[in-house]
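What follows is a single chain, given as structure tokens, in the form predicted on its own.
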């Protein structure tokens, strides 16, 4: 099989697939149109986020047997068209679930204990103790939306902090030793921390908006390591200003470029998030550790080999 690699990844992908007699071609710079014009020459493609694989692209790739995304989200692929064309879709959420879970906990600890603020104050000669009194995770009810690989790994960590973890998911019967499945209404009633672990779909676009936030019974901390457009930023900013959202941990932003390479929009809402002491912002790196780079790649290789190696 001839495979096109469109993004740089861990070298084990190349090394191991070559050892299994796949034919590989790397192209990390060509534009969408340039790749479109040659995609029919390949049996498979390995991507991250650089190029969208839309209906026209997939129909042009008439010999494609699979698309493998080194990561979890698949929103840059027209999934219904790919499935209709019989193209197997492969992703690797197993590879960065631990990284995401640790990032969620890390951001919450930094925010709730004012660690970054207090550290910067001391470095600037300011010694404030009462003003930097923290808020404990212990005993809080954490509500997760989405209980796939990321949600489960996050629940496992948070249960170790003495949190009561509940979750809502569109699939039934997912409760385990770390978290209990509840209705969305019950989650809104009980959660004191809300964390998103969902893909970006028509259903989940702007899931967290003004009405959703208003429906939350408790003032709450908010975490988003999923996708920026799961959240209506303006509504979130208004809720932070009003105190309904006590603080936000954002690894993803509505204003990111679709390839996640940088921000493509600047406005007053973004300015507020970047300047507020109640907000922790990171550049879409929750799944981005030394270990996850290798694990993501290994999961992809294992799945390709299992399906297509003779």
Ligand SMILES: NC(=O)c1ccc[n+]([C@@H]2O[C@H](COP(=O)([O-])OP(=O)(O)OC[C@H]3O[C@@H](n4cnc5c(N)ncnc54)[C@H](O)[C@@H]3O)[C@@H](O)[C@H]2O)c1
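Bear in mind the structure is a predicted one, so any value in this text is a computation, not a measurement. Residue numbers count along the first chain shown, from 1.
The next section is about a form of this same protein that is not shown, the form predicted together with this ligand.
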Within 4.5 Å of this ligand in the predicted bound form, heavy atom basis, the matching stretch of 245-253, 37-45, 53-61, 269-277 is 245-253
Checking 170, 117, 109, 85 against this ligand in the predicted bound form, the residue with a non-hydrogen atom inside 4.5 angstroms turns out to be 170
Checking 150, 223, 191, 179 against this ligand in the predicted bound form, the residue with a non-hydrogen atom inside 4.5 angstroms turns out to be 150
Is this ligand close enough to 203, 227 and 286 in the predicted bound form that each of the three has a heavy atom within 4.5 Å of it?
yes
**Asked** Within a 4.5 Å heavy atom cut-off, is residue 195 in contact with this ligand in the predicted bound form?
**Response** no
>> in the predicted bound form, is there a heavy atom of this ligand that lies within 4.5 Å of any heavy atom of residue 100, even though the partner is absent here?
In response: yes
**Message:** Given that this ligand is not shown alongside this chain, does residue 187 nevertheless sit within 4.5 Å of it in the predicted bound form, heavy atom to heavy atom?
**Reply:** no
Heavy atoms within 4.5 Å of this ligand in the predicted bound form: does residue 210 have any?
-> no
When this ligand is considered in the predicted bound form, the residues of 91-115 having a heavy atom within 4.5 Å of it are 93, 96, 100
